[in-house]
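To begin, one chain is listed below as structure tokens, in the form predicted on its own.
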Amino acid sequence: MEHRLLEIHDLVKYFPTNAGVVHAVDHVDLAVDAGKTLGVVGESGCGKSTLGRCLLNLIRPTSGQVLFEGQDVLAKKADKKLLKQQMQIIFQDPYSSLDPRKTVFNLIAEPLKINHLCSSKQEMEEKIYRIMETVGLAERLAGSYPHELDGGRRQRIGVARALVMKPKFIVCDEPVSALDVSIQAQILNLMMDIQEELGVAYMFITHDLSVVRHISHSIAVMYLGEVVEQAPKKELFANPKHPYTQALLAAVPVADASRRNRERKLIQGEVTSPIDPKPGCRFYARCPYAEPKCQEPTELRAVGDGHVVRCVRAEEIGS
């Protein structure tokens, strides 16, 4: 039986501006099981990175609840030190997220020193060299600086910094988008091997559906701060219900000459402003299936086993 590691209930993050309130994350409900990967996909500006940072309290949410093994991450009485060890993040840019003045050894040692997790220098060295071996960093690189390494090795440092704390959950904020395709595959396969070996759970944030298909067990699709569809991976790719999800999947390149002339669902129109959005479907202005009832408030509803969608016409257009 799967163990529910992380639960997100009605999470909200608003940013006040002179023009109004930006609804970056709007009433999101999600869950991640231990040892599994939840992919969060959507175009730039949909709020997926803000969501990831809210889970770790790097950005303080406006309201809502984040439960990690039953403990409220956002509560004042929460064990912040323990949560920081158990919940880690891998950032998108492997260069800007690393201190250029520190060597590989010291970059990986930093979280161990801050949290006083080693009783001796020897123990620290053993942990660092062990994790370097795990992520595929040669021991000879311990004295190197980030600018002396390529993007793949720099991202392996980021993975090592997160894993050295032995966390149960890692937010992966587009960790391969800045890398070459061949290096992307190496990092993704590394993360999957680590998950199988250590049982760590991921929330994998990306805009690339090919990547999320490779690594995820279930997928949530975000649009303008809201989750518009969520389903197990195979179900989402085989039977997408929301028009936005369908358009995203249609844009994925397919290495099959026989499907070269397949129908493409192009998204027309301008993106709705996230500032004080109107009630109803936020995809309304760009949706080819839109009708007046779509302007009424919409909620996520079940359309299958573990499959939920925020669309009043899901059964019609998804068939």
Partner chain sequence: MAGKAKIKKSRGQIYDIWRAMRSNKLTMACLIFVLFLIFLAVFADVLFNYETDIIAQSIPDRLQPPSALHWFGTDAFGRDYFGRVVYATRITMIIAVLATLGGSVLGILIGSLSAYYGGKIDAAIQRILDVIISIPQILLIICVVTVLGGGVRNLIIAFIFSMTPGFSRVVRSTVMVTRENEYVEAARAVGASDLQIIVSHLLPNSLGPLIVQATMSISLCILSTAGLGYLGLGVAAPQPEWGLMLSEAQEYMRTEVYLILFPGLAIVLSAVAFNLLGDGLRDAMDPRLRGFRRKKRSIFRKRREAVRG
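Residue numbers count along the first chain shown, from 1. The structure presented is a predicted model; accordingly, all values stated were derived computationally and were not measured.
Note that the form predicted in complex with the partner chain isn't included here; everything after this is about it.
Among the candidate residues Ser177, Ser210, Gln71, Asn106, which is the single one with a non-hydrogen atom no more than 4.5 Å from the partner chain in the predicted complex? Checking each option against the partner chain in the predicted complex, the one that comes within 4.5 Å is Asn106.
Can you pick the one in Arg153, His217, Lys84, Lys168 that has a heavy atom within 4.5 Å of the partner chain in the predicted complex? Looking at Arg153, His217, Lys84, Lys168 one by one, just Lys84 meets the 4.5 Å heavy-atom criterion.
Based on heavy atom distances of 4.5 Å or less, which listed stretch (186-194, 115-123, 223-231, 245-253) is in contact with the partner chain in the predicted complex? Result of the contact check: 115-123.
Does at least one non-hydrogen atom of Glu235 fall within 4.5 angstroms of the partner chain in the predicted complex? Flag for Glu235 set to no.
Determine whether any heavy atom of Arg161 comes within 4.5 Å of a heavy atom of the partner chain in the predicted complex, and answer yes or no. Contact with the partner chain, yes.
Even though the partner isn't displayed, in the predicted complex is Thr134 close enough to the partner chain, meaning a heavy atom within 4.5 Å? Answer no; every heavy atom of Thr134 is more than 4.5 Å from the partner chain in the predicted complex.
Is Gly199 close enough to touch the partner chain in the predicted complex, meaning at least one heavy atom pair within 4.5 Å? It does not: once the partner chain is placed as it appears in the predicted complex, Gly199 has no heavy atom within 4.5 Å of it.
Could you list which residues of 41-70 come within 4.5 Å of the partner chain in the predicted complex, counting heavy atoms only? Stretch hits, in order: Arg53, Leu58.
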